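The data below hold one chain only, encoded as structure tokens and taken in the form predicted alone.
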């Protein structure tokens, strides 16, 4: 875990009061919590130490006596106004008021290019698994969360100075893809499809048809024979099974050709791949998610590695035969105490998703040098991921050669997107909502908002604002939730300018930009750049205190893999700025006060912009 930056008053006070507690009462545990909280009443102070009451029982002294002892022992004179017996309220609450000059110095020191986030030492190589599309299938709302969450985490690691490798694990191999490839070849040869003009909708339809054609109704045929349903029904079922069997056999033959990269068959597969990935990358681009072709690693790229890897697992006794299948047992504590073994080869010799995913661990650690691998994947995949993590460790594939340690492998699990009826988000016809349609509907609704607020702006200007506003609203509505929980999708809620929403944060940023725009129009120079940040009024102090929490917040996101922490921080910061904006006029103030507040506004702008960038939210200059 990272330590909070020294500029953070809460961290400093916690450390100093802990030292005072341990010096006064040596038998306390070293990690004792001094219970430093923000003071609920501004007239009493900025922070409050609430440890005396609980501590009194442990040391056998009255709470106020304990509080007096802590007041005398706490070495905080450089940070807070003098603590006296008058600082103690009620049974033992210690009210703490920060020194304005100390807070100003701390906030001013934060106003550097790094914003208090110096490069991590040592820097790590972090692989983030995100996106995960399947060839020939339309992207839908189920593809929304992985790229948004995964990209936010990747950006967080990058902001902290780590080397980040994004991986879009594409389902582009195996029998299902061979089925649709065979279907396209059939349609093309019959003159019913032009491969040069094929769309993802065409591929999606071909995929569904191919799956249905290869599905043998053996249960239906058995029912016809068992219940004597007559020769006609039996003949129909036999014809269906025979036809499906032919299609299935043809698909298996196509798979063999694909595996051999037979030119004609492979060329059709390449068409499927390009059409699917073009749509995927375009969606990522529109979402401001940094996933490109460079980051995409299809299952096909592992195909030639699977047989040698499985042979290695078997030869070293990592995997063992069990009723004809090859499994890796993981029931001991060092591999997760998982009672279900990891299946790496079926009885028919076929490989599974787990086989490819173990190969991915090997590549990510042995070739990429990963110290940490983060999987932004649906929570329902938890058992699967625990199995491949355990198998990767047992095989030694997760052992980083540079450090001699196993890479840390983590599941950044997320819940589902629900409709306002509390059920999985679907269209009225019951189908999954297409991702492209969802993005377009978001921008269309944002456009209506922008037009109503900017009737004098051109259509082109409104469109640019609506695009960024819509994508920020959509992404923030996802990220603001604790990722492990399901959340209810609501256009109205996410596009609202009030409450904990993306538009609210963008509006806060625009208000700051307007201050500097008006300052320039009024001929105010840039003398404010050389003055300390002003921290005299309560609203100024609260805004500065909020700003100083930024470095620790970003680090906490990297430690916990929880982007909603940064969302909540930015919402709190915007709220503090709104109060400051209302209570502390900036441009109407006298010169020194004005300059000190302009510097505070400038730092707030920088932190807001930086935090929004870490989350992957596009910003606007006007709304």
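Residue numbers count along the first chain shown, from 1. Treat the numbers as computed from the prediction; the structure is a model and nothing was measured.
There is also a form predicted together with the RNA; it is not shown, and the following applies to it.
At the 4.5 Å threshold, heavy atoms of residue 498 reach the RNA in the predicted bound form.
Of the heavy atoms in residue 504, some are within 4.5 Å of the RNA in the predicted bound form. Residue 109 falls outside the set of residues with a heavy atom inside 4.5 Å of the RNA in the predicted bound form. Looking at residue 40, you'd find a heavy atom of it within 4.5 angstroms of the RNA in the predicted bound form. Contact check for 491, 555 and 606: none of the three has a heavy atom within 4.5 Å of the RNA in the predicted bound form. In short, of 348-356, 280-288, 361-369, 98-106 it is 348-356 that has heavy atoms within 4.5 Å of the RNA in the predicted bound form. Contact with the RNA in the predicted bound form, defined as a heavy atom within 4.5 Å, holds for exactly one of 267, 538, 484, 205, namely 484. Between the options 518, 463, 274, 399, the residue in contact with the RNA in the predicted bound form by a heavy atom within 4.5 angstroms is 518. Contacts to the RNA in the predicted bound form (heavy atom within 4.5 Å) from stretch 37-71: 37, 38, 39, 40, 41, 44, 48, 50, 53, 54, 57.
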